[in-house]
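We begin with a single chain expressed as C-alpha cells, specifically the form predicted alone.
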Amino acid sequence: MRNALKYMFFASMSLAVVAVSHAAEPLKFKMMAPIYVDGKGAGIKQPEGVSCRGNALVVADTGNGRLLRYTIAGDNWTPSGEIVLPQLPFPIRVDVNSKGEIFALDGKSRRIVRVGASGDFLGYVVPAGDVQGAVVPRSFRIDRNDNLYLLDVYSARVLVMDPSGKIQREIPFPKDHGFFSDLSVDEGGNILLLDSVGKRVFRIAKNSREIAPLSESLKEDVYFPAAIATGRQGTIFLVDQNGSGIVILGPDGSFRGRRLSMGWKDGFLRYPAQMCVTENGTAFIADRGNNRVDGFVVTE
C-alpha cells in the first residue's frame, strides 16, 4: 500500500504537524473540544454511533449500553441527558428524524429501536407490507423527509421505507460487491453504499432500483473503511476504521485526500466508527478506541 509508511509517520507526529502536512488538500479539519463524559462526569466507553441534526448530537455510548444527548452551540457542547432502555443494551448505529425521535440499531438483537423525544421506547422498526425473506440490518439512515434506508445484509438488499414503515423500494445488491458495511443519503436523495472489502463506493440514484459503482478501488488509500457520511455539496467522507483516518471523495467518487491519523492525543483517532456532518459543516466522529467523540469544523 503506497501510503502505509506515510500514515505511520503521521501517527507519530503532533496535530500541528499533521495540519501542515495536509495543507495542500482542499478541506481542513479544525479541532473542537472532544467529548469524554456525560452530564454527570461519567466517561464514554467505546462509542460506535453518532447522529447530528440541527444543534442536537446523539451518541451511541456502546460500551455503557446507553444513548447520550448533547446540545451543540458553535464550538461548544453541553450534555442534555442519557437514555437507557432494556430493549437497547448495545447501540451501534443511531440517527434522528425531524420530530426528534431517535432510531438506534442494537448490535445484539440486530433490531432498530425507535425512541421518543422524551426518551421512551416507541417500538421496533418493522417493514410494513409483504417483505420476502428475513431482515437483518447492518446499518440505516433517515433522510430529511424522514424516509428510512435500511442496509439488509441477510437478504442482500437495500430497503427504502416511508415514515410509516411502508416499503417504497427494494434494491438487491449487485453480484460484483464484497461486503456492504454502511450507507448514506446525500442532499440530492442519492443512496451511497460502502463496500469495505472491495474498498469502493456504489451509488443508487434517486428513485432508481439499480446499484452502480461510483468510485474506483481505493485500496491504495484506505485500510478498512467501515462507515460513510455525506456533507455539503455532495462531499463524501469514509471512516477508515483500521487506518484511523478520514478519506475524502468528491461527489463523483474521485479521491480528494485524507485527513487525521492514528493516535490517542486530542485530534487523533483510534479505530473510529460512525461519523456525521451537520448542515453548517461540523463533523463528529465516534472515536471508539479513544473512548470519546471528536468534533471538527470542516472548511475549505
Partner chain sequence: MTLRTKTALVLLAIVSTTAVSLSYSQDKFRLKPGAKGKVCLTCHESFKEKLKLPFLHTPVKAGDCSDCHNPHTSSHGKLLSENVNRICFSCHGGIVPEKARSVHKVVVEGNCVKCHDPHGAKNKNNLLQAGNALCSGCHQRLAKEVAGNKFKHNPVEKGCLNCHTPHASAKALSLLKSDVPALCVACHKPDAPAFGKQHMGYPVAKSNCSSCHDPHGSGSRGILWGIPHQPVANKMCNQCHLDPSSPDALKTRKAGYELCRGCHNTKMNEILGGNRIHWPVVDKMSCQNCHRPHASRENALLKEPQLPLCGKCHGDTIERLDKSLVKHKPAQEGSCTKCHMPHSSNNVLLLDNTSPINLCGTCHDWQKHSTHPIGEKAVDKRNRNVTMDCSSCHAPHGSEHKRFMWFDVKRELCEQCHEQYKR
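Predicted, not measured: the structure shown is a model, and the values here were computed from it. Numbering follows the first chain given and starts at 1.
The following text describes the form predicted together with the partner chain, which does not appear among the structures shown.
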Only one of 114 to 122, 147 to 155, 80 to 88, 207 to 215 has residues with a heavy atom within 4.5 Å of the partner chain in the predicted complex, and that stretch is 147 to 155
(Q) Contact with the partner chain in the predicted complex for Gly49, defined as at least one heavy atom pair within 4.5 Å: yes or no? (A) no
Handout entry: in the predicted complex, Ile92 touching the partner chain (heavy atom, 4.5 Å)
Key = yes
Closest heavy atom of Thr278 to the partner chain in the predicted complex, within 4.5 Å or not?
no
I'd like to know whether Tyr36 contacts the partner chain in the predicted complex, with contact meaning heavy atoms within 4.5 angstroms. yes
Checking Gln233, Asn242, Ser254, Asn55 against the partner chain in the predicted complex, the residue with a non-hydrogen atom inside 4.5 angstroms turns out to be Asn242
Checking Leu68, Leu260, Ile44, Leu249 against the partner chain in the predicted complex, the residue with a non-hydrogen atom inside 4.5 angstroms turns out to be Ile44
Applying a 4.5 angstroms cut-off on non-hydrogen atoms, the residues of 180 to 200 near the partner chain in the predicted complex are Val197, Lys199
